[in-house]
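Below you will find one chain, with nothing else, as structure tokens; this is the form predicted on its own, and questions on how it binds or moves follow later.
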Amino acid sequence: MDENKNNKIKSLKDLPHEILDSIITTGVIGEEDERSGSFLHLNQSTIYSRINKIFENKVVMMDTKDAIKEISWVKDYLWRLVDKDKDEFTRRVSQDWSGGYFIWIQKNAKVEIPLQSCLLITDKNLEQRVHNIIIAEEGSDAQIITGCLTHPDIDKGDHLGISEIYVKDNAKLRFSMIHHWAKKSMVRPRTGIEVGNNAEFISNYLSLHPVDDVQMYPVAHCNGINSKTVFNTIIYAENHTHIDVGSKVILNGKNSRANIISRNISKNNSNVIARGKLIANTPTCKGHLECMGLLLDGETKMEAIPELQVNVEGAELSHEAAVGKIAENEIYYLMTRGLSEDEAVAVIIRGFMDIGIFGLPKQLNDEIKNIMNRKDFGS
């Protein structure tokens, strides 16, 4: 199969500079030698998909619709982990969708350099509908960075995205998703994950820019023996943003494990709902849920909703949650060290939103730190 036959650009560097500059904020870079593969879905079509030569026998990356046509069994992976009748948004995608990314990591493949994919909207008032499939075959090890965003010149573009992720026995997959949507966008991802024996799935989600309305609640099924899932989330909501984000892990396998960690900040009439749920269905499973939130002014709201459900004796689940304002004594302490009040608040916020827990590639880690180091960030 020729993964590049439908490309509409020859390289990501062929994109206009303003688009390249904007996708960099989501961890997607034009220097493709620093990525094992790159994928770009623009509005309603895939315009670029390429695997670096040294990884051609380790990864397949292409549009999902093309994969269904060229690989007979791919259709069997659609709508297995996400119910197409779950809600109005899943039904709309099932009825009419433009494509999406299909990423197939081969058996025992070690993909040392991250793969990258980008879902981009450049048409105002467009509703982008995609269906993504990721399959990490037995014994594989890979990292994927996905950037989802709108063009900086448009103020509204909606996104409905279905993602089904399969992490098979003895595989490890790290999946980082960074959102940078327009201020008036509505975003509705729907994600299901299946984790096999001795397999590990790590999800990192970041949203650091204003957006009108985001609602997502990925569900991971730890079905395998010694399977493990980790959800890390960092959200910074401002300027009337509404974000309802959570994650759920169902622990079915013997000795399965789960950790859900979220850090949330809300200001300027924003509303953040941070959810998390662990369900224990085997006596030897363990899980921990941690949700922390900061309110930066009196005109904002936040809810932390942790849930633990133990269905068998012997399971160990725990949680901790806290929402509040920055302690005045912390601000005062930093001010006695020569910082202004605004500088003190910014330092506390950056410490609270510690992205070190993500284990991201250095370049992406540095880019996120650059965003947090803006003069206006947290002010």
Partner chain sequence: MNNNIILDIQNLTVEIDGKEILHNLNLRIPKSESYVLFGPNGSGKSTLINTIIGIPNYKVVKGKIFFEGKDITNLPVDERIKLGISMAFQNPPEIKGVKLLDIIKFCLKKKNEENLEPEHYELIEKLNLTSFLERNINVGFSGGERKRSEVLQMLLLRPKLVLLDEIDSGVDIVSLRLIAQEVQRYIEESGATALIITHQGEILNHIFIKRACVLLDSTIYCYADPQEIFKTIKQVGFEKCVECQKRVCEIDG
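Numbering follows the first chain given and starts at 1. As the structure is a computational prediction, the values presented were derived from the model and not from experiment.
Not pictured, yet referred to below: the form predicted together with its partner chain.
Although the partner is absent from the chain shown here, none of 312, 315 and 318 has a heavy atom within 4.5 Å of its partner chain in the predicted complex.
Partner proximity in the predicted complex, defined as non-hydrogen atoms within 4.5 angstroms of its partner chain, places exactly one of 48-56, 326-334, 61-69, 35-43 at the interface: 326-334. Not displayed here, its partner chain is approached by residue 354 to within 4.5 Å at the level of heavy atoms in the predicted complex.
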